[in-house]
Ligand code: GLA
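Single chain ahead, written as structure tokens, the form predicted alone.
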Amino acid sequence: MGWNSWNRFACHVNEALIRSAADAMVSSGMRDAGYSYIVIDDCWQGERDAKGFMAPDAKKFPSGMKVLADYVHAKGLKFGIYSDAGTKTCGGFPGSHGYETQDAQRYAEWGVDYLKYDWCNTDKQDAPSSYLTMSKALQASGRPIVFSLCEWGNTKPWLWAQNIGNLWRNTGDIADRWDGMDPNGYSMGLLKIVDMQAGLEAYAGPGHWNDPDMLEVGNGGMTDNEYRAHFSLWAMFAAPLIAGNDLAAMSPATRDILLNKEVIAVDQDSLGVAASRVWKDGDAEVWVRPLKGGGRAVVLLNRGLTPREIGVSWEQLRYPDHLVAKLRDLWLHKETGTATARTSAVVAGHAVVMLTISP
């Protein structure tokens, strides 16, 4: 859980922005809700020195990365950074290819806690071996650093990355839209990414997670109902909750979504089992996630525009029909009674109802 600069600010990063994000993560209550990582994405880089060590852009980050990391750590937060497995990053800055050991050493010296590692300008490199090289360099650095693989799912990292990194992207970049492709031609709407999660739940678990990309909540391209669906589904997927909005300028609605502690608790459930799509009929879907203690988290998703009644059966929950279970609505923050065999709700268009169902 944390924040990354890319979705809202892209290449427009600097020291003041990162300090402001750290301040806002604390003042908004996000830190206390479990968010911890402040991650600078692409475009922070300057040049390598004569010995090959990387330095930040001195105009953007005049105090240097060690001082900035210390500032973030002093807030009770963790500090993350970005690089690329190729010769250049996606933004055209120096990549880590051939400099993995030096870069890992420098990140450790700076106090980095998280590395997002991209896949631009990699030519004929092999993804598993390239990521393994940086993984070994990070492990040899003497500092525990979360390793986030970002090759967009092209080589099915869920099949090979479990012992290399802690999380791996399994889709292309997210776009701030409900469905379809962004006009840029490569980033995709929420529902396209949701569909790509079906069938990958078996590969997620404690210490190795599927990553359907960062959150767009609060960036303005979707409605609040759509953003609630976005946040709910990411929690169901046991996905990283990496906010991507302007933390210092959140609307009350955005803050309420990102700070919904009941939904966060589903995401962070210690059983670590990701949701399965157990039913689909046109625009209506049911996703179920087992929780520690025997309960279930359920999302009733309406992809269409028209309100629709959507139900879930106890058979889909793998409960006996006679079992009496308590229902709680995680967006209404209230118990909604008990049920046996089945329950249903009317779900607004482009929205979800998110429940916990507990014996």
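Sequential numbering from 1, following the sequence displayed. Small disclaimer: the values here were computed from a predicted structure and weren't measured.
We do not show the form predicted together with this ligand, though everything after this point is about it.
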The one option of G221, G91, G86, G272 with any heavy atom within 4.5 Å of this ligand in the predicted complex is G91
Of F79, Y82, W287, Y107, the only residue with a heavy atom within 4.5 Å of this ligand in the predicted complex is Y82
Exercise. Any of the heavy atoms of D173 lying within 4.5 Å of this ligand in the predicted complex?
Worked result: yes
With the cut-off set at 4.5 Å between non-hydrogen atoms, does M214 touch this ligand in the predicted complex? yes
Exercise. Would Y71 count as touching this ligand in the predicted complex under a 4.5 Å heavy atom rule?
Worked result: no
Next on the checklist: Quick check on W152: any heavy atom within 4.5 Å of this ligand in the predicted complex?
Outcome noted: yes
Among 288 to 296, 325 to 333, 34 to 42, 49 to 57, the stretch whose residues bring a heavy atom within 4.5 Å of this ligand in the predicted complex is 34 to 42
Looking in the predicted complex, the residues of 2 to 25 with a heavy atom no more than 4.5 Å from this ligand, listed in order, are W6
